[in-house]
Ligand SMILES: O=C(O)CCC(=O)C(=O)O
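Heads up, the chain below is alone and in the form predicted alone; it's given as structure tokens.
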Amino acid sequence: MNFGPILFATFHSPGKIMLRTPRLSDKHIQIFNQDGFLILRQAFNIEEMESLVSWSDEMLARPEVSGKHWVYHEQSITDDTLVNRIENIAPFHLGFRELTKVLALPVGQLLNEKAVLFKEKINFKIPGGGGFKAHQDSQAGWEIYADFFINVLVSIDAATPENGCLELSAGYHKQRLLRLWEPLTESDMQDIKFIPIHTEPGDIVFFDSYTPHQSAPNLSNHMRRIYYATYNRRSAGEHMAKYYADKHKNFPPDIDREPNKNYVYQV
């Protein structure tokens, strides 16, 4: 399906980081509003993706230090302990900080006003890493900060059904919030059809905070990394610092956890 050419502007930043900024067409915006998500193929080129791969490798290799980026682990389906995501990256990494600025521009087109960063992370779905049950992101209590958010993901590696690609449903965002603080039920999902979103490195996907989505475990032999950034309208305020302060109280990074305390990831 062809929505017309992707237009680009070049983003110049300190430290010789240069990333192209995708510009959305009216057709792109129409599709997003209709389906609740939009896929842009080859939004970043090979050279840009080489930088993102290098930055991701760097973050994975950095030591876990309290007060810096947040690292979370999981028990894989083979019972190994794996890194499953790193959050709060942009304050501590120039490259990812500039990437959030680049992605904010097309998100602002979808919001019809300037976008401000709410949260961001890399999901490292290492072989054996688990998936996520069907949910809407706003189920996690986001509405206490703002009424609407847009997620934008950058596919760092190829994402396929075998390695647990994102699965999205079209049109169900219009029903708004279905359930709070728990995954969607079988009853909620009776009429929901999930579409596997196969992406290649450099593809980006926008989806709103009411779009139901899920993913399967990584049953392949290859890592599947995806960078996510989430934005809200500037008129709704800047909430990133408050969001991470609140989250730290209830679900801190592994290095900051109290011994013998059980931390539960609800949605």
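Computed from a predicted structure; not experimentally measured. Just count from 1 along the sequence shown to find any residue number.
Although it is not shown, the form predicted in complex with this ligand is what the next lines describe.
Contact with this ligand in the predicted complex, judged as any non-hydrogen atom within 4.5 angstroms, is confined among 238 to 246, 223 to 231, 59 to 67, 25 to 33 to 223 to 231.
For the residues 172, 132, 145, 72, the 4.5 Å heavy atom test against this ligand in the predicted complex is passed only by 132. For the candidate set 76, 123, 100, 88, a heavy atom within 4.5 Å of this ligand in the predicted complex is found for exactly one residue, namely 123. Contact annotation for residue 106: none of its heavy atoms lies within 4.5 Å of this ligand in the predicted complex.
Although the partner is absent here, residue 166 is a contact residue: one of its heavy atoms lies within 4.5 angstroms of this ligand in the predicted complex. Contact check for residue 137: a non-hydrogen atom falls within 4.5 Å of this ligand in the predicted complex.
Though the partner is left out of this view, residue 209 does not reach within 4.5 Å of this ligand in the predicted complex, counting heavy atoms only. Shown here without this ligand, the chain has 213, 215 in 196 to 215 lying with a heavy atom within 4.5 Å of that partner in the predicted complex.
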